[in-house]
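Presented below, as structure tokens, is a lone chain in the form predicted alone.
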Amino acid sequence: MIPMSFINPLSDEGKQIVRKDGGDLNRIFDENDMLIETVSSIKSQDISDDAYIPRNYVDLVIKRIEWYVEKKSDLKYNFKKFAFLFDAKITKFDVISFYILCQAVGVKFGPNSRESRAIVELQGQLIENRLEELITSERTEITEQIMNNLILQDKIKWTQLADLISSKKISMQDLVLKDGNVILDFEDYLEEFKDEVMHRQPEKMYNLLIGNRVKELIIIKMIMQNTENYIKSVHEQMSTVEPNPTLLKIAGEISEVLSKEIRYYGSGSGDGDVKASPLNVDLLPPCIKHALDGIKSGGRNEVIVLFLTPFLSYARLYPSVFRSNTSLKVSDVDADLKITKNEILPMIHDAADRCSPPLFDDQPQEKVNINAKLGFGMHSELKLQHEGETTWYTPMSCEKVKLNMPGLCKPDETCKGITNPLSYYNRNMRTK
């Protein structure tokens, strides 16, 4: 049986482990023979390099972050290097490292930081991957056990998941509802929808619509939400006491490893990607130069909000987006939003002011729409706590520009073979 705390370290079982074995911050840098022996004994673990084996609790914290960064960013990600993270033998050490990680981030960075969001996302991905590694019977059993532990009632009202829905961790479309109840079990599904599914293979319909998929989704998102809440509670406690210097030191190491993710995306891999750097206006494509001069006729909204905003933000912060084929948030590549606020937004607003009439004179709400296209929701200011409420739009293709904004497209020689204005800019940046 898989320990519940291997999937949910915030369970009572996990808290008991911490109370019993994990309270001494003065010893978490000490070499831990039992940890080394446990990891080394895992058959699928690569032990060809001592650096792959965590030697103490802090080392294990850092390995967790390295796994997250490398899996997300490195095309040469090596599973065997981190196989120990998916073996329940490490449960005790894993639970303690989870609490150290959350406390370090909570103490130094707080719940609205890039580091906090990365840790919450890391925990969600770790749970998802651990469940995938289990055989079906174990996976079903542990999911049911955790579900019963997190939600004590037989019937779950959708309002009990309101926090997950409002934070967009779960969509209402993921759920099957009847009279406000979330349907999770086959017996309940059959009882509530027997007339609709009587002649349509009800078990197959249930597995298609609900099955383990929805249950796993709910427990993963609930544990992510609880992780976020725990980091917030640690941060609030720190307002009345002096931060522990050991946790501050670990927080610094965590931030340094997470910054590698930025380097992966923002700086390119050296094999042809373009580095994130201040925009070179001379190398921009004709359509962007035209947009920066302001639109003198119709279509101001589309050009400024839908076309110019995504292009300038990606060209400045994440020019290799299409080559990397991985979605990021603005704060992943501009942690304190200084570049976005001091370089990108002024360029967009200046272009809006050059329109005739100036865009914001009669449509000031478009400033909010620009923020929304950067991924910060429908708010008048860019704030990290709102990031993720909307999607950071990627730059529009040349085909869409020709279709929707034909007046912008005045191709030059470099445009030949180009399918996106960002590719034009990247090509010029490589050859300048």
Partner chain sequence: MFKQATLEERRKYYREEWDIKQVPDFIGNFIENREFGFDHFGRGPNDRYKVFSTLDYLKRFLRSKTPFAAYCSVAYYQKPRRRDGWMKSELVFDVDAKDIPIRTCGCDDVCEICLNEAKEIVGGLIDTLKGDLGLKNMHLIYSGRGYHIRVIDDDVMGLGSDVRSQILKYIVGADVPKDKYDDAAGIYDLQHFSIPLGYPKVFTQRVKYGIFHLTEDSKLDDVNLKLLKDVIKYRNLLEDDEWGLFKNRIGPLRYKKIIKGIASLNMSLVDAKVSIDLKRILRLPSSLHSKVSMRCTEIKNIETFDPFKDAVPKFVWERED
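Treat the numbers as computed from the prediction; the structure is a model and nothing was measured. Only the largest set of C-alpha atoms that superpose within 1.5 Å between the two forms is called the rigid core. Residue numbers count along the first chain shown, from 1.
What follows is about the form predicted in complex with its partner chain, which we do not show.
Although the partner is absent here, residue 208 lies within 4.5 Å of its partner chain in the predicted complex, judged by heavy atoms. Its partner chain in the predicted complex is approached by residue 204, whose closest heavy atom lies within 4.5 angstroms of it. Using a 4.5 angstroms limit between non-hydrogen atoms, residue 158 touches its partner chain in the predicted complex.
Shown alone here, residue 162 lies within 4.5 Å of its partner chain in the predicted complex, counting heavy atoms only.
When you look in the predicted complex, the only residue of 241, 135, 172, 248 with a non-hydrogen atom within 4.5 Å of its partner chain is 172. Only one of 283, 176, 335, 257 lies close to its partner chain in the predicted complex, with a heavy atom inside 4.5 Å, and it is 176.
Of the candidate stretches 305-313, 100-108, 193-201, 355-363, only 193-201 has residues whose heavy atoms lie within 4.5 Å of its partner chain in the predicted complex. The candidate spot formed by 322, 367 and 390 is out of contact with its partner chain in the predicted complex: none of the three has a heavy atom within 4.5 Å. Taking its partner chain as it sits in the predicted complex, the stretch 401-422 comes within 4.5 angstroms of it through a non-hydrogen atom at 403, 404, 406. Put the two forms on the same core and the Cα of residue 50 is off by less than 2 Å between the shown form and the other one. After superposition on the rigid core, the Cα of residue 405 moves by 2 Å or more between the shown form and the other one. Relative to the superposed rigid core, the position of the CA of residue 393 differs between the shown form and the other one by 2 Å or more.
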